[in-house]
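Shown here is one chain on its own, the form predicted alone, set out as structure tokens.
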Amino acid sequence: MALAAIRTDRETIARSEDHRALRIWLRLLTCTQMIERVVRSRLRSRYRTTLPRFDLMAQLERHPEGLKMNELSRLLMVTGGNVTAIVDQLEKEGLVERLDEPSDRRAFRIRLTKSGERSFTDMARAHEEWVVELLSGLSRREQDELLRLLARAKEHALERISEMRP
């Protein structure tokens, strides 16, 4: 990765006098974006695919019975149009199939084909190796502590979110 790219990450906008919470948030964003940048690049170069396609296939792998388009949109937190475009591409490549939905003639389920299952299994294995490599600068103890601390931060954020709901 180019040094210029590292210097222009989100964290560089923080100043030492900024609130510690702001600096933590920017560091979390920066780490996430850097890891994602590497994963996107490796998916593109090794598998000629994109992270959104990988994410969609991951959801289907977790739901072998298939998912309706609106369920996929909700799980991926993207519009139906985005999901349709990805499903159309994957279907042309023989990685997913559309199945009639017996309870609703207007709907159908999307599920991985056998070829899609094999392809995703290979990509998922590589994805895990990449993430392990990218986080290998932390010891097992440090990773456990980071998980524990992030779980506390997440729990607190969820409490704030629940307070916002009517």
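In this text, the rigid core denotes the largest set of C-alpha atoms whose superposition between the two forms falls within 1.5 Å. Values in this document were obtained by computation on a predicted structure and should not be read as measured data. Numbering starts at 1 and runs along the sequence shown.
Although not depicted, the form predicted in complex with the DNA is the subject of the following passage.
Within this chain, residue 69 lines the site of the DNA in the model of the complex, having a heavy atom no more than 4.5 Å away. A residue is said to contact a partner when one of its heavy atoms sits within 4.5 Å of a partner heavy atom; residue 53 meets this definition for the DNA in the model of the complex. Although the partner is absent here, residue 107 lies within 4.5 Å of the DNA in the model of the complex, judged by heavy atoms. The DNA is not shown here, but in the model of the complex it comes within 4.5 Å of a heavy atom of residue 44. Between 22-30, 136-144, 117-125, 97-105, the stretch whose residues reach within 4.5 angstroms of the DNA in the model of the complex through a non-hydrogen atom is 97-105. If you fit the rigid core between this form and the one not shown, you'll see the Cα of residue 48 move by less than 2 angstroms. When the rigid core is held fixed, the Cα atom of residue 134 travels less than 2 angstroms between this form and the one not shown.
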